[in-house]
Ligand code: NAP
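Heads up, the chain below is alone and in the form predicted alone; it's given as structure tokens.
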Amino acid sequence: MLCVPITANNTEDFLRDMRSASELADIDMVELRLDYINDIRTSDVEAIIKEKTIPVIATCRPEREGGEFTGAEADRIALLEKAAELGAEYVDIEHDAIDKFSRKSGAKPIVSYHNFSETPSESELRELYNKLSGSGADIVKIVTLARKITDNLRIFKLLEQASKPIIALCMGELGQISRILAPKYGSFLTFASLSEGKESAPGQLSASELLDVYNLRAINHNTDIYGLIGNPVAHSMGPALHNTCFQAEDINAVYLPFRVEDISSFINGFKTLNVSGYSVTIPHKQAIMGLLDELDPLATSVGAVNTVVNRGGRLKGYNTDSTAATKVIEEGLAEDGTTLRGKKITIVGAGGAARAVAFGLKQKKAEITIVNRTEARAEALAGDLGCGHRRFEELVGLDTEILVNCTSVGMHPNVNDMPVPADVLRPGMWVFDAVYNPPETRLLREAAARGCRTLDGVKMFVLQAAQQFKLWTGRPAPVEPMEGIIRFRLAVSK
């Protein structure tokens, strides 16, 4: 089930937001966060409960449990008891206050525990569940802070082992996957804000994002998991792209953003979830190679992986960046009736993306030069590929026909940054920026203003994603609709 918390600080706005949430077709209930209302009185509770049209959870969270209520404990409990008496279907009462709450009404108590500093160990969570389960709770609620993405695994295990109805999730950006996967692992419900800015807890997604991007209503115990491994991942368009494709192709799967700091712990830990496939982005494209069971020959040649497929528990790495980037540049050059053979190309960057792009272009007999702010990395990549390299300071004087940016410089939210000095850009030069968000980076704007011809990163992103989709599902991806989805969402998010 999906529950939307109401967090307005006065009764009039509270009632307005409650009506708005209740009118949404895919919302099952609302949580009345009474603690958000300034100087709340019994008359406020009466006015609010009178207006309810769908089931509600009455909550009046004290400061000690991360809420806004600062009054006397007896007054707080009285407000909750009044809400129950007036017809609230559920009352959220904290684990250390359940003994003070009178169960005279038919409201079902949700006995809750919140930890805003960490996710306890597996044994501690189990002990906590047993304690709350034996307290008279109809529903147990355990909410913790994810300090590492692997903290979610303990919450998923708790959900699977629970014998009583339970709400369990992790807060924070690293805990967002627990909110999305709640239906798969059996959580009684998950929470989503009415809109951005109306969250009641860190990491809470909006109802529209859960429903439209992640297709929450279709997630069940049999849903396959895919996702993006990277850091950062918050602004990736991968979830919107792949989840739309899964839905269009009637595939029971969901694609998630995994913000990963320790790649080894992540890969080993998430094997327990039997994740069906991964996309891999900055900074893990090379580090992940040694953690996989098998590598595709192209990925081995490139020396970087951006796609992982799980086949019967064995993880195999592929690289779809190389062919995607090459195709984008070839399509641009076709306008001039020329090819990549013999073209002088400067690639800025020395990470996994640069390695993949350089390898693909070198296979087409282009003359590659690698430039990176850290010269040693440029030299190392050039040595691996058998091509040239230059110091970053030499960029302005290079004889270049095609400039390719393979760094993250200029990516959202740092949209005013440039990976190279503007003086590098000369009329007639082709400039390709692998950054796709925003589609028109500052580099591309400056290049166009100086008479360069430009290629944005959207097409490369779509082509590499289409290859991923086929590797994962065995089905061809709808490339043109995929590009339309991304360009539309990027335009809307400006």
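In this text, rigid core is short for the largest set of C-alphas that superpose within 1.5 Å between two forms. Each residue number is its position in the shown sequence, starting from 1. Computed from a prediction, not measured in an experiment: that's the story for all the values here.
Quick note: we don't show the form predicted together with this ligand, though the next part is all about it.
- The contact with this ligand in the predicted complex, taken as any heavy atom within 4.5 Å, belongs to Thr374 out of Thr374, Ser121, Thr338, Ser264.
- When you look in the predicted complex, the only residue of Ile149, Ala358, Val305, Cys406 with a non-hydrogen atom within 4.5 Å of this ligand is Cys406.
- Residues placing heavy atoms within 4.5 Å of this ligand in the predicted complex fall in a single listed stretch, namely 427-435, out of 427-435, 53-61, 24-32, 40-48.
- The closest heavy atom approach of Leu333 to this ligand in the predicted complex falls outside 4.5 Å.
- Using a 4.5 angstroms threshold between heavy atoms, Phe461 counts as touching this ligand in the predicted complex.
- Looking at Ile282, you'd find a heavy atom of it within 4.5 angstroms of this ligand in the predicted complex.
- Residue contact with this ligand in the predicted complex: Met411 places a heavy atom within 4.5 Å of it.
- Contacts with this ligand in the predicted complex, taken as any heavy atom within 4.5 Å, map within 346-382 to Gly349, Ala350, Gly351, Gly352, Ala353, Ala354, Asn372, Arg373, Thr374, Arg377.
- With a cut-off of 2 Å and the rigid core superposed, Cys406 has a Cα displacement that reaches or exceeds the cut-off between the shown form and the other one.
- With a cut-off of 2 Å and the rigid core superposed, Val45 has a Cα displacement that falls short of the cut-off between the shown form and the other one.
- The rigid-core alignment places the CA of Gly349 2 Å or more apart between the shown form and the other one.
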